[in-house]
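Only one chain comes next, encoded as structure tokens, the form predicted on its own.
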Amino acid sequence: MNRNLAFIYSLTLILMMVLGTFTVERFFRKKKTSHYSLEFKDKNNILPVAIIGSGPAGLSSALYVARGKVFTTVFQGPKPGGQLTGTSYVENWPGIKKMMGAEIIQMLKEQTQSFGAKFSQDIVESVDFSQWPYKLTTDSGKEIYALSVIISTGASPKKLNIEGEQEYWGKGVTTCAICDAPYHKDGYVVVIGGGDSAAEEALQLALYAKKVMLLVRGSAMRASASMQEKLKEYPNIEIKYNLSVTKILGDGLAVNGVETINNKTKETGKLNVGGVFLAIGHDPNTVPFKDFLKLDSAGYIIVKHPTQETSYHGIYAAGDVVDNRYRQAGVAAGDGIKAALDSLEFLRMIGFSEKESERLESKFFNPEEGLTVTEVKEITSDNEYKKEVLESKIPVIMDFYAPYCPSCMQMLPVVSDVASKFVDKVKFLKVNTDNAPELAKKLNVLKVPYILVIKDGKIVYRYADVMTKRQLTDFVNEQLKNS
């Protein structure tokens, strides 16, 4: 009899727990989904999932979202592919023995596109997460309404903030060896930093420069043992410990040296170099989100582990924008997969289904809508320069690029689109520095991407960085105003 009572009691408990769980879960879902209406009478440019950033995290997210048969667009950002495109060979990507970082990114991109993911050249400049669908505003002024957002904007290299750094930015000071190493062939350069990134920069430069000096501010490197072993294979790489750069020197046109201090002995010195490559760490790219999302003291987005959910439902973050510890491409890809699965679950929770997707398809954001293309002429020789530039009756804007530079390839369609708005007012030309190294050298172009403005045969402005569509348009208008 006692055993029967115990059985009935246990069964009753189990039923209460099940019913209780069901009731709590139903209440939880009702409370969460009550304000997520899928009726968008007054809105267009809708995206079920908007992915901001195109590094390993963003592309892995896109792969899983697109494979889940949900429409998604990746906003590639000013530096498509993220930091992995700035490395040479990658030997620790799972399943691949050895491959260039840019090739891994291209492989990932093609895989996501095979499942229907779209890519946009527009750059998300601002967000409004106080309303739902969440509003994203791009550099071209487009307003996009996202049901869910995955932020994978990564991190940007830190600067030293010392005298001469800004003055000689793009004139020998840079953060990308894979982009700019060819401009220092047979030269002397310094790499500042002691981690894996610094070692990677030095290895890339060693293929071109006569001498690479790796300046480490402490008494030991933070780079992995395998990276440090690789450095020993190159006789033209010299590691200098306890050394910091205090000032960057130049002749007004280009870098010609750095001033240093020994952090141990306090002895000062000078190194005669033509290039300074910074690899001293990164800051997360979170400025557009800081007014809405919870960030830690270093500016990284805080997520609710073990998920990738931020402080807003339906908004997720992945990769280096949340990770100040591991900073590995494989970890970023894993974060991206988690974010995608979280996003898909959120869409299911609010009632977004395949049927709803078909109903809203006509309102979806089309990244190719409104794009205009003007063929920008390429010049490769001094004779062409004299004819097309020096003899031009209107201002000339020259875009210097290299095919191995992801930021350059991002700029090309931007330049083409902006050029279509200034026909007969400004002449746009492009120069592939691989095909015209002498022309680049003559015009003192030491990095890519690089913009030159020439009026009446004279160089009047130099710009050594990426420009968004809006920035380039404003820049051209400013140059015309000053003509």
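The structure presented is a predicted model; accordingly, all values stated were derived computationally and were not measured. Residue numbers run from 1 along the displayed sequence.
Below: the form predicted together with a small molecule, not depicted.
Relative to the small molecule in the predicted bound form, residues G193, D196 and R222 are all within 4.5 Å by at least one heavy atom. Residue in contact with the small molecule in the predicted bound form (any heavy atom within 4.5 Å), chosen from M349, M100, M107, L160: L160. Only one of N92, N272, N383, S130 comes within 4.5 Å of the small molecule in the predicted bound form through a heavy atom, and that residue is N92. Remark: of stretches 168-176, 320-328, 130-138, 335-343, the one touching the small molecule in the predicted bound form is 320-328 (heavy atom within 4.5 Å). Shown alone here, G281 lies within 4.5 Å of the small molecule in the predicted bound form, counting heavy atoms only. Heavy atoms of R217 reach within 4.5 Å of the small molecule in the predicted bound form, making it an interface residue. Residue contact check for D180: none of its heavy atoms lie within 4.5 Å of the small molecule in the predicted bound form. Taking non-hydrogen atoms only, D399 never approaches the small molecule to within 4.5 angstroms in the predicted bound form.
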